[in-house]
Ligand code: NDP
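In the block that follows, a single chain appears as structure tokens, in the form predicted on its own.
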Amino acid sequence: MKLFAIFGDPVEHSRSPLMHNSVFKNLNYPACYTRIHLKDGSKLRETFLSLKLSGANITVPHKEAAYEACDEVRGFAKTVGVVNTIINEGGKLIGYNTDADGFMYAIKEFGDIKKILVLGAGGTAKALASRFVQDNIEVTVLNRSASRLEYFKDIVSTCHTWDSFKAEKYDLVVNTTSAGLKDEELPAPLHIIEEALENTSYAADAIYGKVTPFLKLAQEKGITYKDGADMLLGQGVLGNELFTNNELKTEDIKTYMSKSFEL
């Protein structure tokens, strides 16, 4: 029996155990998936190994710490320095990032997106902004502090702190911060969020399972929006393929993961 887990702080809200266990149970795959509340990201590697995990997902705020915990990083994760999925290959921790492709899956229904405002500058923002640029999307990143914007300056079109921000016209505004996850905070001061939303066609939040204050504001303004559930599903399918070493059919994984959202 293989054991998988999700690390995060907070982590009790995570639907990942439901999603992956639904696949394992219905497809008779010998594995189990649980949650691990980890406050100190520097303890991720030793915790992973002490629990003899076969793999794990990593959520906020430990995605950059997960990169450091790995012996080897592959694919898109290597480009962005952010890991959300770890596989144990014979005692070596191999890191991947499935967030970005999961999000691209989620926003397909918005159609042709050419210009995006990203709120936040953490691990999720790094992954998404870099992925958007790969698709020739013009990206602006907005964050409270200037120091965390250094990473983005050579990658995206424009970076702003709250003090320097002036909205342009966007196709999509995305919240990648944890604001609204366990509180009623907005990802930036109200006047900034209102200005951004008044200049966009769509809004999306990486947080799932609740209408965050950011999405409530979008709703009030009549903007088409979505939470992070489809992103979660998209990255979850990709992660499960890695967990099971592609032994299960993608469509079967997607079917049973989707059913877990009804629970």
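Predicted model, so just to flag it, every value in this text is computed and none were measured. Don't overthink the numbering: it's just position in the shown sequence, from 1.
Just so you know, the form predicted together with the ligand exists too; it's not on screen, but the next bit is about it.
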item: Candidate from 116, 73, 159, 186 lying within 4.5 Å of the ligand in the predicted bound form - any heavy atom; value: 186
item: Proximity to the ligand in the predicted bound form, single hit among 179, 87, 77, 172 (heavy atom within 4.5 Å); value: 179
item: Heavy atom of residue 207 within 4.5 Å of the ligand in the predicted bound form; value: yes
item: Proximity of residue 81 to the ligand in the predicted bound form, heavy atoms at 4.5 Å; value: no
item: Contact of residue 61 with the ligand in the predicted bound form (heavy atom, 4.5 Å); value: yes
item: Touches the ligand in the predicted bound form: residue 140 (any heavy atom, 4.5 Å); value: no
item: Contact at 123, 228 and 232 by the ligand in the predicted bound form, all three, heavy atom at most 4.5 Å; value: yes
item: Which of 107-115, 163-171, 141-149, 88-96 lines the interface with the ligand in the predicted bound form (heavy atom within 4.5 Å); value: 141-149
